[in-house]
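The chain below stands alone and is given as C-alpha cells, in the form predicted on its own.
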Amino acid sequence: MKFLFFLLQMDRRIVFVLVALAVVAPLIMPLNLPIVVGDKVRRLYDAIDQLPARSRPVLVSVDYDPSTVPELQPMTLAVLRHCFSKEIPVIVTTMFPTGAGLARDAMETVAKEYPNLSYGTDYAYMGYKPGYSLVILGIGENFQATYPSDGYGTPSSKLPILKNVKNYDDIAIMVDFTASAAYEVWIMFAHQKYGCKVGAGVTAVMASDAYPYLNSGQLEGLLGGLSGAAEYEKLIGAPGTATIGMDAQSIAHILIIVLIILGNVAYFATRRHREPAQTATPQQGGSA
C-alpha cells in the first residue's frame, strides 16, 4: 500500500528521468526489437527492387528541412542504399532551399559506401531549383532545359546519366520525401499529367493524409515516419538510425503506458484508504 501511495505522490522529475533513460539506453545498447514490414512500405520496395541494373533512373526529391531530419533522412538514406546496391541510376534533387544540403549530404554519404559507382554515370545531384510546380512541369517537357547544370555547376550535357533522360518517360519512378504536401504536387503533375510513377516518404503525423492516394494507386508506396524508415531498412538488410530509433521509441511508449496503468491502479486501490477532507464548520456563537 505504501508503494501505491508513493506512486500517487511521486515527483514528476522522477518520471522525466525514467523517460530519459528509456530513450537513451536503447540508443547506447540497441535491443534489436522485431520490426514488422507493412504492405505500404513493401509496395515501394518492390517497385524499386524490380528495376534491373543500369535501368532508367530513379528520381529522388528531398523536400524537407532540418527539423524533420530524424524521421525523413533515414528513409532517404535507405532508398538511396537500395538503388545503389542494385546499381540503379539515381538523380537527386530538391524543391526546398533548406533541403539542398540535406540532399547532397545523403547522396554523398551513401556514395562513399559504393566506391565502384561513379558520379555523373551512376548518380547525380541536381541541387535546388526554385519554382516548384514549374520545375515539376518543366521536367515533363525537357529535363535538361529545366536543369541546365547539376548542383555542382557541371553542365547537364556532360553527365552520362542524363544522356537519355528527356522527360518523365525516361524516369522509372520518382520518390518524394517531405514533411509537407509536396508529394501531392508530384502526384498532380508528374503522375496525373505525365504518367510517372510516384512514391512518397512522409512524417508519421502526415501518413494518414496520404492513404487515399495510396489506396487509389496514385502512390506506388508510402513510408510513414521513423517506423516506415525502419521497415525499409529491414527489407534492404541494412539496419540504421531508424532501426535503433524504433527501439528507443518503443521502450519510451511502453514506459508511458505502464506508468499510466500503475497510476490508475494506485488511484482506485487507495481511494477507500484516503480520508475524506475535513471541512471546517464555523462555530455559532451568540451575544448575551
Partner chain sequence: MTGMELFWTWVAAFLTLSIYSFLYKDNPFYKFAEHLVVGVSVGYIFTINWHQGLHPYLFNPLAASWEHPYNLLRVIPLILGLLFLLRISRKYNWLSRFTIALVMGIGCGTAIPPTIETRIIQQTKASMINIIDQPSLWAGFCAVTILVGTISTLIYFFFSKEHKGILGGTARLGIVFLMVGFGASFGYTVMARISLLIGRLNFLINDWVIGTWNFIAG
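Positions refer to the first chain, counted from 1. Model, not experiment: these values are computed from the prediction.
What comes next is about the form predicted together with the partner chain, which is not displayed.
Could you work out which of 195, 160, 130, 155 is the residue within 4.5 angstroms of the partner chain in the predicted complex, going by heavy atoms? Of the listed residues, the single hit is 130.
Contacting member of 109, 218, 180, 85, with respect to the partner chain in the predicted complex [4.5 Å, heavy atom]: Answer to the contact question: 218.
With the partner left out here, check for me: in the predicted complex, does some heavy atom of residue 142 sit within 4.5 Å of the partner chain? No, no contact at 4.5 Å.
Does the 4.5 Å heavy atom contact test between residue 234 and the partner chain in the predicted complex come out positive? Residue 234 lies outside the contact set for the partner chain.
I'd like to check something about residue 77: if you look in the predicted complex, is any of its heavy atoms closer than or equal to 4.5 Å to a heavy atom of the partner chain? Because no heavy atom of residue 77 falls inside 4.5 Å of the partner chain in the predicted complex, the answer is no.
Can you work out whether residue 165 and the partner chain are in contact in the predicted complex, taking contact to mean some heavy atom pair no more than 4.5 Å apart? Residue 165: no, not in contact with the partner chain in the predicted complex.
Just to make sure I understand: among 214-253, which residues lie within 4.5 Å of the partner chain in the predicted complex, judging by heavy atoms? Residues within 4.5 Å: 215, 216, 218, 224, 225, 226, 227, 241, 245, 248, 249, 252, 253.
Which way does the C-alpha gap of residue 29 and residue 113 go in the predicted complex, closer or farther, given it changes by 3 angstroms or more? Relative to this form, farther apart in the predicted complex.
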